[in-house]
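In structure tokens, one chain follows: the form predicted on its own.
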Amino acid sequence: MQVYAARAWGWRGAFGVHTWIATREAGAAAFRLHQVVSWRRPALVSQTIASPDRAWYGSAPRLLADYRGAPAAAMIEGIEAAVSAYPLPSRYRPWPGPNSNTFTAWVIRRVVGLDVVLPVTAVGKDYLVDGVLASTPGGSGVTASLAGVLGVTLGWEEGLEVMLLGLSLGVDLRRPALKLPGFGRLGMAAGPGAGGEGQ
């Protein structure tokens, strides 16, 4: 089970990343890739693919989470159920959401044991589909958000992030770094492991 982020296509890439989730059951030859895209019409897409880490329209992906073995196997059923239950499969707005990052964060929040710190450049991750308060995708804190336009996140893994007009600015005291809109993380690299943050 893996989660990826890559710079978004076109002008959006200057501000943010596109995220997706990939799963592969034991013994399977291919991955199932889950994402929300919006080319002709917004759509939640789940497809079979040989390689989950292909470039996203020329942008190299960064691995945000990697679960293997029994932990991954335990999550796959929950991921499939959460993907099927996503309440906005036909809605997409690049800013402030809902978008691909809203979808990824929504799924992560609903799968026990799946803790992923999405990058500050994942515009739309703080667009909360069902309320104004939710746990962070990293599972170690809380996010309060008004329609993805104004909000705050505080968590052990995430640090402090303040969101204004859909863009987030933050600081990570655990692994000292600034989190800047468009640029991403400046400072100590995020810790390796299942819930590592990137970009």
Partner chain sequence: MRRHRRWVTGGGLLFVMLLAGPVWLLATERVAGVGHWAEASRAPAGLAPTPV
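These numbers were taken from a predicted model, which means no experiment stands behind them. Numbering follows the first chain given and starts at 1.
Keep in mind that the form predicted in complex with the partner chain is not shown, yet the notes after this line are about it.
Contacting member of 167, 45, 160, 134, with respect to the partner chain in the predicted complex [4.5 Å, heavy atom]: None of the others qualify; the residue that does is 167.
Close approach of residue 173 to the partner chain in the predicted complex, 4.5 Å, heavy atom: Close contact is absent here: in the predicted complex, residue 173 is far from the partner chain, nothing within 4.5 Å, heavy atoms only.
Residue 58: touches the partner chain in the predicted complex, heavy atom cutoff 4.5 angstroms: Yes - in the predicted complex, heavy atoms of residue 58 and the partner chain come within 4.5 Å of each other.
Interface membership of residue 24, the partner chain in the predicted complex, 4.5 Å heavy atom rule: Within the cut-off, so yes.
Heavy atom of residue 63 within 4.5 Å of the partner chain in the predicted complex: Yes, residue 63 lies within 4.5 Å of the partner chain in the predicted complex.
Within 4.5 Å of the partner chain in the predicted complex, all of 28, 54 and 183 (non-hydrogen atom): Yes, each of 28, 54 and 183 comes within 4.5 Å of the partner chain in the predicted complex.
Option from 63-71, 152-160, 139-147, 126-134 whose residues, in the predicted complex, bring a heavy atom within 4.5 Å of the partner chain: Within 4.5 Å of the partner lies stretch 63-71.
Stretch 105-137 - residues with a heavy atom within 4.5 Å of the partner chain in the predicted complex: Heavy-atom contacts to the partner chain in the predicted complex: nothing from 105-137.
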